[in-house]
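The chain that follows stands alone, in the form predicted on its own, written as structure tokens.
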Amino acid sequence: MRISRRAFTAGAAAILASTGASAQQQPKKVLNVGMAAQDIGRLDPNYATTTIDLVVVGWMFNGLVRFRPGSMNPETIEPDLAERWQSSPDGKTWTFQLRRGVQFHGGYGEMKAGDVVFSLLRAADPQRSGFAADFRAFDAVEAVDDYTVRLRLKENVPSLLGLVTNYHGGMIVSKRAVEERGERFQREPIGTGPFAYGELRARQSLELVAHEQYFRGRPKLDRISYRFIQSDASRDLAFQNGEIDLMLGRQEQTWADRVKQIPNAAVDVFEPGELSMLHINVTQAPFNDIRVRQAVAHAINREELVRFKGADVSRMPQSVIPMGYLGSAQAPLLPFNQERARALLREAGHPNGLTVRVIHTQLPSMLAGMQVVQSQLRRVGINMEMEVVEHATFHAQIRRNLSPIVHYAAARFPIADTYLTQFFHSRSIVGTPTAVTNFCHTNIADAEIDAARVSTDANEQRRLWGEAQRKLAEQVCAVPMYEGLQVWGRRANLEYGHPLQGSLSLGPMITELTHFK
């Protein structure tokens, strides 16, 4: 049979056209994310503290229990790697029944009780974890059998489930992978989450791949490209040009309003509110004089800061812990009063003002607000000289007491105990063996924090937490400035697979259900 060249060409064109149309109908399978970073920090969940690391770690690991995707409500915590659990009447013994068949990434086999025991003991060890203070009430963690873990406490804690959720030290790692990989685990981790480590391209991107054996089902996305784009302008341009589908935004109203105008774009604003505070080292001159600390507090105009950030993306703080936390209370924050600030400086022996040198991150979302604060302090005679450094360097240096004032923006498990313990208990003072993030070097609320931790009376707990907040505010150990909500931009056709109201990882939770329409 002969077929003319013209007929063949027409047929081939029709087939190609049909194939092209079919390809266009296929949903996009690769999610390109733009993050404000030069590079990744540490992907080990026991050390991931920056937004850069927290966001992506949340996509790679599971806890025994989890917050519902898109939520940070501790009252709706649900099963994750554990199918069910029970506690003894006195609340000091907890038993978890594990899911069977859960597979680690990279062929590291089935997750069993030994991995859970290893993970939780590792999280409680200050030599192997940045969150060891959270787990100090742990007395013993043991494997009853391959799928049963028993946890014993020395004392009651306000929320045991909060310690074993998919957040910080509660995330479960592969014992074999940690031991085999050593330091390499910091950047090539092994978890059980919907996405696994694929490749790290230094200063370019972290590539994640779908976990084919994920226990909730294979993810709808094949891959995530987590790109490091430090510049806000470059990240915005990449989004406008369609090079990225999801990006960290700026906690500023103008940014949110501008992105909303981009075709096929949406802006997500969600909890938690990260409380931006000036943590003041109360042991270091001139701030060992409370009058100087009070002057700093009176110089801060919170209303101006919220106007600068924007009403949709920020809010006024009410205490030294964020709003909405269990146990959050109104505290006596000093009001904006420039004349009083100047008078206090004169009383403290600084009639001509003073100069203080601080170290600050170049992270745009934090730096912009701090530049406003710098201007506010200058108006009362406090000249704050800022040395701006890369974000990972900032974290390293503030933990070496190189900055008498530390601007820290943070969200934690939403219960007062966690925030008070990490930022204001003497066990958490930076530079000590049990250091966490007490940059104030204070111990004035230790008694209340400790008593609330072990109290079984909910009303008494709240009273003690309130008293701790009052003491810290009166002594001006830290100056709350504003709470910045999480702000991200995305393609309108990107579906998370759940309503997004909150995320403790500080970024949208990407799960096996996330997909493009």
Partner chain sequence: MGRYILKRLAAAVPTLLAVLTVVFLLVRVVPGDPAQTILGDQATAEALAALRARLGLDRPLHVQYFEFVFAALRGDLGNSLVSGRPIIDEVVAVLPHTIDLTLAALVIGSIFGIPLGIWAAMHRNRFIDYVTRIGSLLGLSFPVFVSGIFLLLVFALHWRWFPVIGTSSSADFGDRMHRLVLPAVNLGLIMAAYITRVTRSAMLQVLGEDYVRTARAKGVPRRVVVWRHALRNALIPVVTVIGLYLGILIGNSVLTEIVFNRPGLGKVIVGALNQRDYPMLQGLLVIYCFLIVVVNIATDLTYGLIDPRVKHA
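Not measured: the values here are computed from a predicted model. Numbering follows the first chain given and starts at 1.
Keep in mind that the form predicted in complex with the partner chain is missing from the display, and what follows is about it.
Think of it this way: in the model of the complex, the partner chain has a heavy atom of just one of Arg42, Lys471, Arg453, Arg66 within 4.5 Å, and the residue is Arg42. Between the partner chain and the residues His350, Lys175, Arg302, Arg227, the one pair within 4.5 Å by heavy atoms in the model of the complex involves Arg227. For the candidate spot formed by Ala202, Glu243 and Tyr408, every residue has a non-hydrogen atom within 4.5 angstroms of the partner chain in the model of the complex. Judged by heavy atoms within 4.5 Å of the partner chain in the model of the complex, the contact stretch among the candidates 251-259, 154-162, 212-220, 119-127 is 119-127. When the partner chain is considered in the model of the complex, Ala233 lines it closely, a heavy atom lying within 4.5 Å.
Contact annotation: Lys309 falls outside 4.5 Å of the partner chain in the model of the complex, judged by heavy atom distances. Although the partner is absent here, Arg412 sits close enough that one of its heavy atoms falls within 4.5 Å of the partner chain in the model of the complex. None of the heavy atoms of Ser328 is located within 4.5 Å of the partner chain in the model of the complex. Shown here without the partner chain, the chain has Tyr167, His168 in 152-175 lying with a heavy atom within 4.5 Å of that partner in the model of the complex.
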